[in-house]
Structure formats: structure tokens, C-alpha cells
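This document opens with one chain alone, in C-alpha cells, the form predicted on its own.
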């Protein structure tokens, strides 16, 4: 436990000392919320536009922190030989991965809290009426997208291309699933693609919990689909993730 807590603290220190990671995964969702909230007016899905955008961008924050941020960090550390050296220390790989996962979960939780506070201060959006359901959503989203992040890290062969590959996945997925705003005017084939992606179901849970005050457990279908994606990520990671550099 002592090694785990020490590594968790280290993971957090490394994250916050990396300005690029903090801007890309933490600050960017906040900037998008302010920008989109200033552009969209009226109502979306029958609720004030800032409320709907806040719910959607919570999901986007999960994708950037738990999927993009974690996968890029793992690839960079693998190719720099850091993961290889970790295996030669008393810190066991499962403990290292558990600390990395918990660190991303804490960061996503911080993004979520700051989004709620920012929305309240700037746009007058309400705080969630079901905080317990929001916590469960944060945990499920973190686990699912972190598993997918480890899986994609195993498929990316070099640190040079990691950011490009991850952005090629995250940005189109965010547009197609409604994380950047409503998709009801998209062509049918684009909506069908969005319905097959995991972020769509986190957006659905966020909308239900925050906008309509439903309980987390009322979203059984979305929970099941997200869990299935998470299991798929674990399976891919089990076959592809390695601790040795590949680009050398």
C-alpha cells in the first residue's frame, strides 16, 4: 500500500508538472465549454444550452484525460525506457498500472468539479441534484476509457505518432457522439457511426444524470455498452501492451 500511495503521488506530480498534458487534457475542455457556451443560445434538448453543453463536455473531459492523456503518457514512457526500468524496481507492474489508473480518475474528477463550478459562475448552470450518480458516472467512465487507452497504447508503435493517432480518434468521436453539441441535424450515416462509439453512451448517462435528474442505475443499456467497451479494451491491452521500447 505504501508503494502504491507513493506512486499515485508521483503520477499526480508528473501530470501537473507537464504543462502540455495539463493544457491538452485539463484546460482544453474548460476553454471549449466557455467558447461553446458563448456561441450556443436558446435551448438544446429542451434545456438551456449551457446546461446541455456542460453535460456533454464532461464526457469529452473523460475522453481527453482517461483515454488520450493516459495512452500518450504510456507510449512516451515505454519508448523512453521508463516502463522497462520500472520492472526492475520493487514497484510491481500491477501496482504501477493501478496508480496510473487512479491518477487519471482523480484528474477526471477534478475536471468534472471545475466544469460544474465554472458553469455556475459563468453561465448560472445548476449543480447536479444527484451527486452520487455523478460519482458513479465518473468511476465508470474512467475505467472504460482508461482500459481503452491502455489498449490503444499497445497498438501505437512510436511516441512521435502517439498524439496524432489519439487525436484522430478523440476529435471525430467527440463530434459524432454529441460531446461538442447536438447531432440531430447530422446525416443518418454519421449518427449511426456515433451510436456505435463508446463516448455516445457516456454522453447519454451524463445527460440523464445531470440534465434530467435520473439515477445512474436507470441507464442500464448505456452502462452495459460502456462496460463492454471497457472489457474490449482490457482484452486488447492483454495481447498488445508491452513494457519494452518498440521504435528502437
Partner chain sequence: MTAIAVRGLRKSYGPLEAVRGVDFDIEEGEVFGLLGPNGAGKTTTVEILEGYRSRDAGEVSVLGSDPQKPRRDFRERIGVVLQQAQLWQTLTVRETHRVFAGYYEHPRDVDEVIDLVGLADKRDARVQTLSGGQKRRLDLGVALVGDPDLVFLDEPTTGFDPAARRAAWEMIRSLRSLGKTVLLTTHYLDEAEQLADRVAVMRQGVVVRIGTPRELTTTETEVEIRYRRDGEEVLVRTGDPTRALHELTSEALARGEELERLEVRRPTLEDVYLSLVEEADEA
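Positions refer to the first chain, counted from 1. The structure displayed is predicted, hence computed values, not measured ones.
Separately, the form predicted in complex with its partner chain exists; it is not shown, and the next lines address it.
Engineer: Looking in the predicted complex, is its partner chain within 4.5 Å of a heavy atom from each of 136, 204 and 212?
Structural biologist: Not a single residue of the candidate spot has a heavy atom within 4.5 Å of its partner chain in the predicted complex.
Engineer: Counting only non-hydrogen atoms, choose the one of 89-97, 136-144, 172-180, 110-118 that falls within 4.5 Å of its partner chain in the predicted complex.
Structural biologist: Of the stretches listed, the one contacting the partner is 89-97.
Engineer: Just one of 228, 23, 14, 235 has a heavy atom within 4.5 Å of its partner chain in the predicted complex. Which one?
Structural biologist: Only one option qualifies, and that one is 14.
Engineer: Could you check which residue among 168, 122, 155, 80 gets a heavy atom within 4.5 Å of its partner chain in the predicted complex?
Structural biologist: Only one option qualifies, and that one is 80.
Engineer: Does residue 18 reach its partner chain in the predicted complex, with heavy atoms at most 4.5 Å apart?
Structural biologist: Heavy-atom contact with its partner chain at 4.5 Å: present for residue 18.
Engineer: With heavy atoms only and a cut-off of 4.5 Å, decide whether residue 6 touches its partner chain in the predicted complex.
Structural biologist: Residue-level check for residue 6: yes, a contact with its partner chain.
Engineer: Is there any non-hydrogen atom of residue 240 lying within 4.5 Å of its partner chain in the predicted complex?
Structural biologist: So residue 240 does not count as contacting its partner chain.
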